[in-house]
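One chain comes next, on its own, written out as structure tokens in the form predicted on its own.
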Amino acid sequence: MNFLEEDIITPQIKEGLSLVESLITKIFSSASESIQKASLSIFQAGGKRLRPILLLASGTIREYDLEKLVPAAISIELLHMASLIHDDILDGAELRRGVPTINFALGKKIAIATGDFLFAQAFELLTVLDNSEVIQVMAEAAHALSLGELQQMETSRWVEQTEMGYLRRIRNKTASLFAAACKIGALLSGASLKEIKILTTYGDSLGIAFQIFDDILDIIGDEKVLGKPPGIDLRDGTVTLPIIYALEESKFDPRISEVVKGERVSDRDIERAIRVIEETHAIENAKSEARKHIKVALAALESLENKEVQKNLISIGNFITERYH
């Protein structure tokens, strides 16, 4: 998904996104050669840029000031990139978006240094805004990201997980940054308290739906689309919503549970577990849950007076739903 090539966002937001991408490349050029190479590898591998897009789109609610919005949009994308590198290190992942991860290609030390560089750059950029509320929102999002990662680690290979626990985890790990993007964009444009609340609710619900859809793709997605083999969550023992549903419906079928526990993790075991999951209603039930959160996100926008912002954000929500349908 490349929003610069899609008719989902307005030319105004595309202009801001182009600036974001251009300036991120310049930031990387200021780093040491090894960190520059590592940063560019993950950035040029692609990505949806959803978080900066949400920030820019929310920033059209009142005054669309790119001098304020672009640094914030860059910051939130750098924080997201740092979290991806961190995830890859913890998971021992070899591929990200179809290319070797930094830790696999260049080693763990370079990966850690690159993540630290991106994290520091993200917060340094925010200082030019001289806005303590924006910095606080970003700090809270960074804290939530860390908490979500810890929750994922603590529940790794634990088959008896609940839907509530899963939703709590992804609200921290994914939705927190979606909500922060929308809230920061609204704050920087001079939105009212009501508008800030609406956009933050939208971002939170959209982020939850996005992560559920992403977890579904890990089970049924095509390797060419994913950029990695399906079943990575199963292999790593990360229990996602479709896995929770499949375990419950199959009464903890050992063909799934033994993979989650790490007792059987050959390629054949993973493929068999995926087939068992597909034989249950887990995928459709997980899609249904994701659609519920999309509906909550879109419903939150109904009371917005700015119909252009409403239209933009509805288009993004619908596009995510249709892409994963």
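No experiment lies behind these values; they were computed from the predicted model shown. Throughout, we count residues from 1 along the sequence that is shown.
Not pictured, yet referred to below: the form predicted together with a small molecule.
In plain terms, the part of the chain that comes close to the small molecule in the model of the complex, with a heavy atom within 4.5 Å, is 171-179 out of 250-258, 171-179, 192-200, 103-111. Taking a 4.5 Å heavy atom cutoff to the small molecule in the model of the complex, the contact residue among Glu163, Glu149, Glu124, Glu94 is Glu149. When the small molecule is considered in the model of the complex, only one residue from Leu79, Leu241, Ile208, Ala72 comes within 4.5 Å through any heavy atom, namely Leu79. Three-residue candidate spot Asp65, Leu66 and Lys183; no residue lies within 4.5 angstroms of the small molecule in the model of the complex by any non-hydrogen atom. Among residues of the shown chain, Asp204 is not one whose heavy atoms approach the small molecule to within 4.5 Å in the model of the complex. For Leu90, a non-hydrogen atom is located within 4.5 Å of the small molecule in the model of the complex, even though that partner is not displayed. The closest heavy atom approach of Ser83 to the small molecule in the model of the complex falls within 4.5 Å. Interface residue remark: Phe119 is counted as part of the site for the small molecule in the model of the complex, having a heavy atom within 4.5 Å.
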